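Before any questions on binding or motion, here is one chain by itself as structure tokens, the form predicted on its own.
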């Protein structure tokens, strides 16, 4: 599908797209880490939110600041900043997720010049009576900080428009996911990867033009005569920065029909209520969306969500993708695996870095797992 070429180009090199936006000079660009970053506030302030990913290149400069056992997302992002790949950014927002991101925030502030720096310390426990007030207060402070840093005022009208804009984008992405889940052959996994990754860095107006066109093309193709042959699997974990993962799974006889990833469904799950006060509504979305290991909403919430998703999507297995040295996901994994095993859902764990293991090794592991399903 020629419509997808733009998504693939941007997903392949987000920094080049960011530099192009900067050169156009339409908006200031604010980088962010993590899907808990308040994109809507950045957008309502008249700036462009830009998701920061790691680098697939060798890490050298960042190793002078981080131990080797920090994850490749943290080290790779700092590496890209130190070599000037993010010199188009006017600012960076750091939500407090894990210890490594918190330390990255400090090191970035001291070593990367030319852009403002903003920490957003959202609550960790989301199921307490005070969590809503805490979350709303943090977002209110973030709004004020962005207004100062960007020299603007974020009106309720602009924030409500931002909520509507991002709701519509997330609706479109979810509908594409739903179509892929119903018919895995309608779209390659690498295409889904490109769509959602590019959506985290593309201009909203362009997304609102392209995504409906993609849906229209998919609906024309949605006339399957025979059920697809691939074994249905779900990906779970944190960030996935590897389109080849999807291709290798498909070549091994599998089909990714959903995910529980930060660069996946957790980005678009749950919409923001447009009828409420905008900051309160934004806080409620962060409180009620599927959690990652950096947040707490119950002892077994993540495992229960993955089991529920596997049942709803008729998935035959779960593949965990963990960044090596990611402590939050490593701490979560044992109890999630125990519950999946108890529920009779086959699962496998794969640790990855910015550089994937050899393709032959991955192919063998995936073929073996999918053969068991």
Partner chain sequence: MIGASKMGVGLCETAEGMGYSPDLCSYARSDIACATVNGGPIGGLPRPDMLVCCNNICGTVLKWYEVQARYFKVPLFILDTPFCHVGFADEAKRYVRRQLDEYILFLEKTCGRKMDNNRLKEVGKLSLEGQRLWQAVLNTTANRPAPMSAFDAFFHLALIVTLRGTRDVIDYYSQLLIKMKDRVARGKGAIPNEKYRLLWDNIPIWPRTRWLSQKFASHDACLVADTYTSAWCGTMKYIDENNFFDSMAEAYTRIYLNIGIDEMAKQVLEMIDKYQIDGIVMHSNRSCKPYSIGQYDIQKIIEKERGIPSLMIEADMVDERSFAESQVETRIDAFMEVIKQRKGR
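Numbering follows the first chain given and starts at 1. Computed from a prediction, not measured in an experiment: that's the story for all the values here.
What follows is about the form predicted in complex with the partner chain, which we do not show.
Interface membership of residue 148, defined by any non-hydrogen atom within 4.5 Å of the partner chain in the predicted complex, is ruled out. Proximity of residue 65 to the partner chain in the predicted complex falls within the 4.5 Å heavy atom cutoff.
At a distance threshold of 4.5 angstroms between non-hydrogen atoms, residue 316 is out of contact with the partner chain in the predicted complex. When the partner chain is considered in the predicted complex, residue 332 lines it closely, a heavy atom lying within 4.5 Å. Listed stretches are 254-262, 171-179, 158-166, 103-111; the contact stretch with the partner chain in the predicted complex is 103-111, by a heavy atom cutoff of 4.5 Å. Using a 4.5 Å cut-off to the partner chain in the predicted complex, each of 123, 137 and 327 places a heavy atom inside that distance. Exactly one listed residue, out of 209, 288, 153, 128, brings a non-hydrogen atom to within 4.5 Å of the partner chain in the predicted complex: 128.
Between the partner chain and the residues 205, 133, 274, 244, the one pair within 4.5 Å by heavy atoms in the predicted complex involves 133.
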